[in-house]
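Given next, in structure tokens, is a single chain: the form predicted alone.
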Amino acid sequence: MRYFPLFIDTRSASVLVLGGGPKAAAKLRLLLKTEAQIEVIAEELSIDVTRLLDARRLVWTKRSAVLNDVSDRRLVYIATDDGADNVKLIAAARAAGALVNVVDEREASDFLTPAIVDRDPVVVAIGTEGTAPSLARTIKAQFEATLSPRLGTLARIAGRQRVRRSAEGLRRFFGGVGERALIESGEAEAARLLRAFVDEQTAPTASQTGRVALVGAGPGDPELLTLKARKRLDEADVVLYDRLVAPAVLDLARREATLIEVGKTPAGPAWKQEDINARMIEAARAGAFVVRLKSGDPLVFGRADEEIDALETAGIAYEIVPGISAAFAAAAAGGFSLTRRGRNRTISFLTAHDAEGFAEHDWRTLARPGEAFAIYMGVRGARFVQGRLLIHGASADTPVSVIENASRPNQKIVAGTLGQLPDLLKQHRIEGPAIIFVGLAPRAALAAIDDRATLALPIGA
């Protein structure tokens, strides 16, 4: 580590910026987040710097810099290309005890300005020792997306109460419980909750914390999780997850969480829905934050209504965190739009199974030319679906697409026609989870479908 990170007290400090162009503007935007008194010395200002002059702590002296300008400064930024004059100013500033940053010249600088994530008073500084500014920006974007905009408020609440010692309760307060209290009831309630954590050195009572989140796990790629879904996994005490939830998504749950598979296997062992409901309610009543993690979106063929009814009957607070449904990820993998003018103006989502077995639908409407629909849980019912559609007048040449394990490393894309559907699944060993699209073809397979051929496409095709 060549550069040691420090946080400098800027209260009442004097900071000098030499230059009024784009380089100076970039530094001024950061400096104006501090409490420093800032002076810009430059003969001319860019539009960006001019717009910053409204700040009370920023003044502009219109002239060229002289050696005396660097006296009594805490920091000096040099954002000009004045060559020999800059060398003299750097030497004078150092002799006067200031730290000098020459913008975009690492070797001439005493310090580097990091990329900053600002959740005042929480500040994250990111540096790459000047080697890869683009990497610092990438890391900054990741932190910006991860850290709640309310984190600074929570930190100030903790600071007012002079909370110093570490405890599991504090981790949970900053991990999500405090933010929820802040959103729902304001700062006073968040402060009261923090004091309860500190005084008891444990979690609050069940009535304070017991709740459930119905969370969409997306189709499998952990990068397709929403930010809120990732936060809820990091907060969870108990995670009840479906069989189809990808292991990479489960890895994002906090290590202390209890993970319980409550999946349903077609024609195999399965949890009863009432047992899942009972487990959610039992854990929440014990004071746990429960994440009910469902593959895709919890509101698409996920029996969410039954779980919501059970939670409301039991008086358990809940929230719903939507996810990317498998059909959207599958369409993205196939490279086709779910709707298109001149082809189909509607898209239907169907399940091939219901409580009584194979699901019946309005097959006559679905069989009409120009209809398009996505079938969930359709692998075992493919021949049934094919038969119903052909009987009601669908053309055997209707294009079909099958996307198995959409968005996952073992994703498979198969294209053909409705007349070939069961044989396609057998030939390409499609076992699921898979989405079957009727009336839609992968972009790369259109020519093959015109020739009534079949095409297995690699991931990313």
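Position 1 is the first residue in the sequence shown; the rest follow in order. Predicted model, so just to flag it, every value in this text is computed and none were measured.
Note that the form predicted in complex with S-adenosyl-L-homocysteine isn't included here; everything after this is about it.
Under a 4.5 angstroms non-hydrogen atom cutoff, S-adenosyl-L-homocysteine in the model of the complex lacks residue 27 among its neighbouring residues. Contact between residue 399 and S-adenosyl-L-homocysteine in the model of the complex is not found at the 4.5 Å heavy atom cutoff. Using a 4.5 angstroms limit between non-hydrogen atoms, residue 284 is distant from S-adenosyl-L-homocysteine in the model of the complex. The shortest heavy atom separation between residue 178 and S-adenosyl-L-homocysteine in the model of the complex exceeds 4.5 Å. Three-residue candidate spot 18, 21 and 76; no residue lies within 4.5 angstroms of S-adenosyl-L-homocysteine in the model of the complex by any non-hydrogen atom.
In short, of 251 to 259, 387 to 395, 325 to 333, 116 to 124 it is 325 to 333 that has heavy atoms within 4.5 Å of S-adenosyl-L-homocysteine in the model of the complex. Note on the partner interface in the model of the complex: the residue among 318, 373, 301, 174 having a heavy atom within 4.5 angstroms of S-adenosyl-L-homocysteine is 301. Within 4.5 angstroms of S-adenosyl-L-homocysteine in the model of the complex, the stretch 285 to 323 places a non-hydrogen atom from each of 295, 296, 297, 300, 301, taken in sequence order.
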